[in-house]
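In structure tokens, one chain follows: the form predicted on its own.
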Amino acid sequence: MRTRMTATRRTAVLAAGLGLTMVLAACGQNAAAPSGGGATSAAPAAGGVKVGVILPETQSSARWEGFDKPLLTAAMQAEGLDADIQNAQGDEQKFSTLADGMISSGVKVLVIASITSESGAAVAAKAKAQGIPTIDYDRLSLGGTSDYYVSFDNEKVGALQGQGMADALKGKQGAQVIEIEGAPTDNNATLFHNGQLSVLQPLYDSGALKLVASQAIPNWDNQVGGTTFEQLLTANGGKVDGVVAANDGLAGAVITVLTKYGLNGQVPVTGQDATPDGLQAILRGDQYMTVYKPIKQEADAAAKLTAALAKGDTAAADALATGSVDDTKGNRQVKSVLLTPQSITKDSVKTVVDEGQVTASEICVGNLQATCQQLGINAG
């Protein structure tokens, strides 16, 4: 959408002082695990080939424990693998210690979703020294040596967010946008932002939209994201027309601030991960869109790739990893499985339920039940 837009009445509120004490506990972390769509936990395959999986944290998003862990457990078991799946809880030292333990225990393959590129690269180097192939899961460790990468097309994720914002602000000439981005140490956050700008930069350049500020949030910390957004909002005289939030957790923190100023439902907010909280916010009208990444597809792809490498079948692994991504720090191309994300707005929330990522009972609560019925989302 690059056509010239008509004038708009900008949203305004009383400029608040810089007293930023906020209660974000209600949205600072996304809701707990879904249980449908094959997301139930499964026991490791008895006597299967031992492999290790390290997930990064639990604070910024419900996805790692709620989606990835049970889906990876089931997918690895289906491939005949005995998977030891652990979460580093955002602690880089724990991430390293978990890796050391798995390497010492004799895992045949190590799958890692790194906290930072540096920690991921260090673990991959240790594994390589022991002849253990490594797969970067969801996040590419820049400058690392992992043999393969499994994720979604993350620039496409950002492009969907950017297009969502462009669509939501269509016809509002000069609409003011604030960007709340992910961790600067996470390569995915950079890719999301690049994708957003592929759509939004021409609109900023033409004056169709106005970028007020863009701020990366360390560690994807939702509370910091909310506080930072309020600072940017008040510094701009309490005016904002749209917020590009990099995931549903940050979107929830932004919505808490917008609610404080009576702006929720008036200012479109983007998100990512199609979490229960994010989908509820979309159904309420507080969030405009999210990006749905069918994590079952990602877990299944990782398990198939892991199984091939555990057998030493690099030809089979290469047949799965038909894409590639550029490791700009390591100056190399990494063989990749890149999956396709989907944009979800209110009218398409049903897709996420139908595919089993969440259940209707998780999102159709309270006064949202009537909205769900109108959209054909039924608990039965």
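Bear in mind that the values here come from a model prediction, so they are computed numbers and not experimental data. Start at 1 and count along the sequence shown; that's the residue number.
Below: the form predicted together with a small molecule, not depicted.
Note on the interface: of 60 to 68, 321 to 329, 347 to 355, 307 to 315, the segment with non-hydrogen atoms within 4.5 angstroms of the small molecule in the predicted bound form is 60 to 68. Checking Phe229, Tyr148, Phe95, Phe192 for any heavy atom within 4.5 Å of the small molecule in the predicted bound form turns up a single hit: Phe192. Only one of Tyr261, Tyr288, Tyr292, Trp220 comes within 4.5 Å of the small molecule in the predicted bound form through a heavy atom, and that residue is Trp220. When contacts are judged by a 4.5 Å heavy atom cut-off, Asp186 counts as touching the small molecule in the predicted bound form.
None of the heavy atoms of Ser141 is located within 4.5 Å of the small molecule in the predicted bound form.
The closest heavy atom approach of Thr134 to the small molecule in the predicted bound form falls outside 4.5 Å.
Interface membership of Asp273, defined by any non-hydrogen atom within 4.5 Å of the small molecule in the predicted bound form, is confirmed.
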